[in-house]
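As structure tokens, one chain now follows by itself in the form predicted alone.
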Amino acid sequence: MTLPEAFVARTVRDLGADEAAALCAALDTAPAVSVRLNPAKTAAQGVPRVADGAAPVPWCAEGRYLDSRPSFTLDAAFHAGAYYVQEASSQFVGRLVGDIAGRRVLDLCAAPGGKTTLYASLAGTEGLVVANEIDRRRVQALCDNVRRWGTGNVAVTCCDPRTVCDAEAWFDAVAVDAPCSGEGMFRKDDEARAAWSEGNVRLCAARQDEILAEAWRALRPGGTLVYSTCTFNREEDEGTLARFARSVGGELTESDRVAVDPAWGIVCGREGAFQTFRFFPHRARGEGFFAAVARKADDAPGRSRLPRGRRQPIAAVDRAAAAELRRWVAEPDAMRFGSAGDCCYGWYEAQAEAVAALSSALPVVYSGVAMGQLFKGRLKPDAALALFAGMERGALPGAELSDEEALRYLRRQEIDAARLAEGMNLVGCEGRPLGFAKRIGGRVNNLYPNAWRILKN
């Protein structure tokens, strides 16, 4: 599909004829393929085969370029959460958000979860990432990717930005990956070309203005604001930042300088207090992307508070239940346990109270790690527990499957009972847990979630 004429004309005006021609030519070439490794899993389990020997993404320590696009759906390591298929340019936000270890981060427009999982890795077990998605149709994919990543330090909310940002001055960093006209996706998505219009650019810019205003309320004084889009036009990029800066005035200040190697091909700039970074596919090895960073001034007004809680969805578990749950995690003293509905959950101690307070005030649809249900004092484990990087793998027998057997398991097909011990087993491939299965004599109950099963042949 050809590029929209109005887009080409505007690109010539903005970049000049030669630069615009180079960009438009690049948009008709094959996109780069990249993944980001999960350090919580690869540290113990090693680099998955798909990325073994792959070239690094220079601006992201865990990023890797692949020579070709494999069938990720048929790779057990992908389902085990060993890596996330993430476009290389978008991995750059990890450099912008700064040192967020042990901090609270709001990913305001989070689905499907690429940047959320990146922030979760950087925040560590003492940090908390709140991942918000307004679209109920997309929030399930976000939850699934959070479960698969398995860091246990994410709370997923499903509400409009205004509602989640009623957690005023509560976050150390707020990231806005704003809904945009998607020009940066033209190389890999013909639908993005077909849907593009100048009217949609203006509509997106207006929406971005509203989202940034809400994001600002949620950011504490001294905190970091990261803004990004996957589009090229200035109206949604520098224009949005300029309008936002005028609205907040002296409350906005520069962040620490972000170093960029010129060899990376990133076009660096500035829009007021914001450092800006443009990724053009004819210059940098990645898709079209724009990102910017600034800080909220230390003396900006704002008192940290959560909206008043109206419910208590998380209940404490008794001592016997806590003892059963503790044996399923590698660091029980670092965790706290509770129940929501009929499922038991675990949260890291450092942020457990914050998650409880958040859950009482906002629509949290998933948080921590779902551990499962208790029956007569014994845990029937949830599939998410198998993918939790902090699971105690000695809590039950393990069954190691071949590649072919792993795909049968992931399709919820029958697997050979001979490999399993009697009773509940942790099933994995190449040392990477995938889920649970229960052997009863010569029969195996495949407990992989039906909603997650592979349908592709």
Ligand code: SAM
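No experiment lies behind these values; they were computed from the predicted model shown. All residue numbers refer to positions in the sequence shown, first residue = 1.
Another form exists, predicted together with the named molecule; not displayed. Remarks below refer to it.
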{"item": "In the predicted bound form, the residue from Cys143, Val317, Ala352, Cys109 that sits within 4.5 Å of the named molecule by heavy atoms", "value": "Cys109"}
{"item": "Sole residue of Gly113, Gly81, Gly346, Gly286 within 4.5 Å of the named molecule in the predicted bound form, by heavy atom", "value": "Gly113"}
{"item": "Distance check, Gly94 to the named molecule in the predicted bound form, heavy atom within 4.5 Å", "value": "no"}
{"item": "Partner contact for Leu374 in the predicted bound form: the named molecule, 4.5 angstroms, heavy atom", "value": "no"}
{"item": "Arg207, heavy atom within 4.5 angstroms of the named molecule in the predicted bound form", "value": "yes"}
{"item": "Touches the named molecule in the predicted bound form: Arg138 (any heavy atom, 4.5 Å)", "value": "yes"}
{"item": "Location of the named molecule contact in the predicted bound form, chosen stretch of 234-242, 177-185, 383-391, 270-278 [non-hydrogen atom, 4.5 Å]", "value": "177-185"}
{"item": "4.5 Å heavy atom contact with the named molecule in the predicted bound form for all of Ala169, Pro221 and Ala300", "value": "no"}
